[in-house]
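Next comes just one chain, in structure tokens: the form predicted alone.
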Amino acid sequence: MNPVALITGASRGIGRGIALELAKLGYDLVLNYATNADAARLTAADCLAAARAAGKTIRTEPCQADISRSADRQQLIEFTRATFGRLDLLVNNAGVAPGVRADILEAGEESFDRLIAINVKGPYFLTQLAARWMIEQVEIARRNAAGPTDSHGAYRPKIVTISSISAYTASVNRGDYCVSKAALSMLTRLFAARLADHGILVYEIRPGIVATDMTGPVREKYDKLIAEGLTPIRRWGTPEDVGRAVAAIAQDLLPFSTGEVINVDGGFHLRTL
């Protein structure tokens, strides 16, 4: 039986990169998307191809849901339960940027409310639902050998949340985005502390400047900054870079860590003189 991962915002960008890396490991995948069904189907097909190339046989199931809505979050968990009967890894990846960048002295509440609903409320309460189910599965596995097992013979669930260097880097023309990403850091700490006794490990992955649709409009700006040394590793990050970090967690390579931040930022977080 393959382990199962639920990835939010999986149709493109970082979510797609994560899905492809997990497919290579033999994970069955629930690929959540909000609106772009065609992109989700393409990602599903590409994941199947990536798995075959790695000698794995997997299932991929796209699932539409708006994680800012309570009913949709519940439906996403129920879909995963009905389709696969288990959940080994939740990846909170879905997120949005402000539609218009605005100085914090001028920015309005509509954009703030939208970003908090999708970027914070969504993963907070989806994690709550997933954690409850994971605890159920942990208890079943502890009581008898009929509980869910992975390829190592044990059920070791994990939760990963994708944040951003904006969690600690002030951008005064997109304060709502920075606040939402900072909140995800505390989400990780809270759930890590609460779930450790159940054997559920929780991580934050903090990407830097990654080439996606979201960063497309500022490509020229960051090309120049990177060339000038903004990051010690002088290149853009890729969705695959983030995917590989998730893959390391998925393979249980960090069994004595929880609540940890993994920077995938080309060294941006370093302070040098």
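All residue numbers are counted from 1 along the displayed sequence. It should be emphasised that the depicted structure is a prediction, and the values quoted were computed from it without experimental measurement.
Another form exists, predicted in complex with a small molecule; not displayed. Remarks below refer to it.
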Q) For A94, is any heavy atom within 4.5 Å of the small molecule in the predicted complex, or not? A) yes
Q) Heavy atom to heavy atom, is K158 within 4.5 Å of the small molecule in the predicted complex? A) no
Q. Can you check whether A65 is within 4.5 Å of the small molecule in the predicted complex, heavy atom basis?
A. yes
Q: Could you confirm whether T212 comes within 4.5 Å of the small molecule in the predicted complex, counting heavy atoms only?
A: yes
(Q) At 4.5 Å between heavy atoms, only one of the stretches 29-37, 48-56, 224-232, 243-251 reaches the small molecule in the predicted complex; which one is it? (A) 29-37
(Q) Check for me: heavy atom within 4.5 Å of the small molecule in the predicted complex, for each of S11, I14 and Y177, yes or no. (A) yes
Q: Identify which of L187, I118, L87, L201 has a heavy atom within 4.5 Å of the small molecule in the predicted complex; exactly one of them does.
A: I118
Q. Looking at T127, S111, Q137, S163, which is the one with a non-hydrogen atom within 4.5 Å of the small molecule in the predicted complex?
A. S163
